[in-house]
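The form predicted on its own is given below as one chain in structure tokens.
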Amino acid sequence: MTPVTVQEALGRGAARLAAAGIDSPLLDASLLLAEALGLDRSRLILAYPDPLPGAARLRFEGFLERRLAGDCTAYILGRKEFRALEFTVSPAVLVPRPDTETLVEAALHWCKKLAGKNGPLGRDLRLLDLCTGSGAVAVALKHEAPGLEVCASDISPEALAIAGINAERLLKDSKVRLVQSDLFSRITGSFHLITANPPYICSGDLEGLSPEVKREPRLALDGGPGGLDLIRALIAGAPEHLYPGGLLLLEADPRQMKQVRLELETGGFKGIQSYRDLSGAERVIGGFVYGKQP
């Protein structure tokens, strides 16, 4: 192989990804090349003039081939940053996305409104995170509101294993209780707050997704024919697991918000409010329950 510098390899790799129509070719190539070299991205720039070692070049080529074949960068690296925490990910879980930080921020906003003058944020509050996947929402909330008592649940044992790895590594002495459950089927007790980023893509839209998204678990994407099957089930089941005055927060497609609001109203929820993501789109919606449903 003709010797190349780190910078030349980066440029060529980014060009290959761009030619394949990948949205963030330079970012992806930088992350993959840094991984191949065993560096972080900040140190990659300092290595630009250096010749790229043969072993690192072969690793980088392998990473590029996987990316071109449809694997997302997070799966190739085995990790993804969310709320400044580095989460372990695998094809068993949905890759955490910046839009979902809106769900965390909405929950934290409510915790802060209820916070006492003393003690850790979230003290004496019980949180249930359903469809937890990698545990990104549950772990981030426990990290930022250490007083919360957190239970995280998922139907997939493989996803729950990843959530357990993240909780153990990122929370250290703190604990998250993990429960394998199909929504509320194995959930006991009541909670002050329930969060969920459920599957909400219409079944008919799945084939039109990008190649990398189609490699994420269908179980975490498919929301049924109209995309609202799981959301309706969550709204129906939540009142029996919320204390009076408890809050349900759901992530959904912005195009679904009008219908989700109607479902919440029909389900007896009050004080319904939506929360916007960084693009200004409605991404999270929630409401309070003030009594048990009959």
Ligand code: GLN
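It should be emphasised that the depicted structure is a prediction, and the values quoted were computed from it without experimental measurement. The first residue of the sequence shown is number 1, and the count goes up from there.
Just so you know, the form predicted together with glutamine (GLN) exists too; it's not on screen, but the next bit is about it.
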What stretch, of 181-189, 93-101, 78-86, 157-165, brings heavy atoms to within 4.5 Å of glutamine (GLN) in the predicted bound form?
93-101
Should residue 221 be counted as a contact of glutamine (GLN) in the predicted bound form, where contact means heavy atoms within 4.5 Å?
yes
Hey, in the predicted bound form, does residue 132 get a heavy atom within 4.5 angstroms of glutamine (GLN)?
no
Report whether the minimum heavy atom distance between residue 115 and glutamine (GLN) in the predicted bound form is within 4.5 Å.
no
Within a 4.5 Å heavy atom cut-off, is residue 197 in contact with glutamine (GLN) in the predicted bound form?
yes
Residue by residue through 247-265, tell me which have a non-hydrogen atom within 4.5 angstroms of glutamine (GLN) in the predicted bound form.
251
